[in-house]
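Quick setup: one chain, the form predicted alone, written in structure tokens, and binding and motion questions come after.
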């Protein structure tokens, strides 16, 4: 990097430089894994000096903690936005929640690989575990609430929280499959699995082919 380029990078807004470094960290985690990722790798990937990395994050642990927060905030903001844009009926709300995990903004090979690289460290790093749990808890609590409404509408006999946990576990499994098989396992394939599961769990809300159904108000009132 030339001195002129380095000087120009130093003048960039602080928030932009931090995001550049976090994105470079995601790239490195996806490519090298947790243990092999270094501050030098991140600096090179961002096109910045190691001094700038140290200035913003001071240590590898701080950088990776901020990367988890970045991914967590992006994940949460994405499903909350999709949920707020969806129609208020239960079918639309369920579809918004379960398809948010497959949205192109967050469901990319590099981000999925980075997530798993970080989560493998959660067992031995309490701060990572806490951040991952906060992300899970917000999503699962909201999904369980929608499942509870679906149970009332359809007269189902499942436990709403257990059902929400099972759906979430399925989604994690789909992410794992996409990470292991890369681009050969497409989002469209994962979506077909999701729709099959929804039609199995919520047969009054989704047809066998995954087509959304509308529960008539009089049917709901009889329950």
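This is a predicted model, so every value here is computed, not measured. Positions refer to the first chain, counted from 1.
In what follows, reference is made to the form predicted in complex with another copy of the chain, a form of this protein that is not presented.
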property	result
All of 87, 104 and 145 with a heavy atom within 4.5 Å of another copy of the chain in the predicted bound form	no
Residue contact check: residue 166 to another copy of the chain in the predicted bound form, 4.5 Å heavy atom	yes
Close approach of residue 122 to another copy of the chain in the predicted bound form, 4.5 Å, heavy atom	yes
Distance check, residue 98 to another copy of the chain in the predicted bound form, heavy atom within 4.5 Å	no
Close approach of residue 52 to another copy of the chain in the predicted bound form, 4.5 Å, heavy atom	no
Interface residues of 111-138 toward another copy of the chain, as seen in the predicted bound form [heavy atoms, 4.5 Å]	113, 116, 117, 119, 120, 121, 122, 123, 124, 129, 132, 133, 136
